[in-house]
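A single chain, nothing else alongside it, follows as structure tokens in the form predicted on its own.
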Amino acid sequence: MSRVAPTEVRTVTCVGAGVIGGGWVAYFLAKGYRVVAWDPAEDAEQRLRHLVDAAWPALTELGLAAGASVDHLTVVDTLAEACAQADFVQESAPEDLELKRTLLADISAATPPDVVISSSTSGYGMTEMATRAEHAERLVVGHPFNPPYLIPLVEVVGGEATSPEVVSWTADFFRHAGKSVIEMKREVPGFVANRLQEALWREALHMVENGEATVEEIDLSITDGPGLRWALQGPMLTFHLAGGQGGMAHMLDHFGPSLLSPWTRLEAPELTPELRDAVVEGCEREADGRSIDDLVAERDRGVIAVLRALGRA
């Protein structure tokens, strides 16, 4: 058997039907795929169909693929039956390393050897999860964000045994399925977005513990502050604009020493010339020819649109 092209996947097997797995099921159904699901819980099918039904109005509003239907969902009794039919497998079991190792080995044994198997893990690397699996070259992380049927981002990264072709194939498949993809070059615990979320989360807990801010103040500081900008341009381009017409280069040269100020409980990396240049060049690539004035206008239009959509302007 040869691996189907990313654009030719027709049947997706979802192993695990909780909040994340069920969200994947709803998403793939909305994109027109046939979905086969398996979960060991006795009430798994009832909970899964309830989740899909609850998500379907939002997915319908976003726009369903031609022929998309909840009737294309089949819930089966065994893992072997689910995996035998797959063109692609998305595993979404609880975040337990021993469970992941055993389950991925079982999935790999039950799935045709050329079918890609992706894990929704939110923190473990595939290198540590694939230790018991045969054909570990086709095991890869495809980390979504909750709810997977609404949040576009998926982080794709392989383990030491994962074939680079499989990483590329998986990224292409998710893009074809309508996702926004970060195709990571190396494993790092928590991937990209969770590490950033975790840094903010830890600092928030410190502030609550020390009586420096309330829960409500912390949430408001993001929803009515930088969160509005991050939805449009992210933290790097946000600081690129903070440098005025000088962009990120001016920002780093002017404010770089403040990295040593005790604004957070996290230690800042040394702002070496190499790090400075990498950040500046990255912003220039992301700007892709857009001037500071262009980016400011784009940001302002976006923030106004978000505020109006939320009924706050």
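Computed from a predicted structure; not experimentally measured. Numbers for residues come from their place in the sequence shown, where the first is 1.
Unshown form predicted together with a further copy of the same chain; subsequent notes refer to it.
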message: Does any part of G211 reach within 4.5 Å of a further copy of the same chain in the predicted complex? Heavy atoms only, please.
response: yes
message: Is L275 part of the interface with a further copy of the same chain in the predicted complex - any heavy atom within 4.5 Å?
response: yes
a further copy of the same chain contact at D43 in the predicted complex, heavy atom, 4.5 Å: no
Exercise: P189 in contact with a further copy of the same chain in the predicted complex, heavy atom 4.5 Å: yes
query: Which listed residue (L97, V76, A84, L200) meets the criterion of a heavy atom within 4.5 Å of a further copy of the same chain in the predicted complex?
result: L200
message: Just to be sure I understand the contacts: of A68, V52, V36, L252, which is the one whose heavy atoms reach within 4.5 angstroms of a further copy of the same chain in the predicted complex?
response: L252
query: Would M184, E216 and P269 all count as contacting a further copy of the same chain in the predicted complex, using a 4.5 Å heavy atom cut-off?
result: yes
field: Listed range touching a further copy of the same chain, judged in the predicted complex by heavy atoms within 4.5 Å, from 231-239, 162-170, 131-139, 106-114
entry: 231-239
field: Residues of stretch 275-313 in contact with a further copy of the same chain in the predicted complex (4.5 Å, non-hydrogen atom)
entry: L275, A278, V279, G282, C283, R285, E286, D293, V296, R299, D300, G302, V303, I304, A305, V306, L307, R308, A309, L310, R312, A313
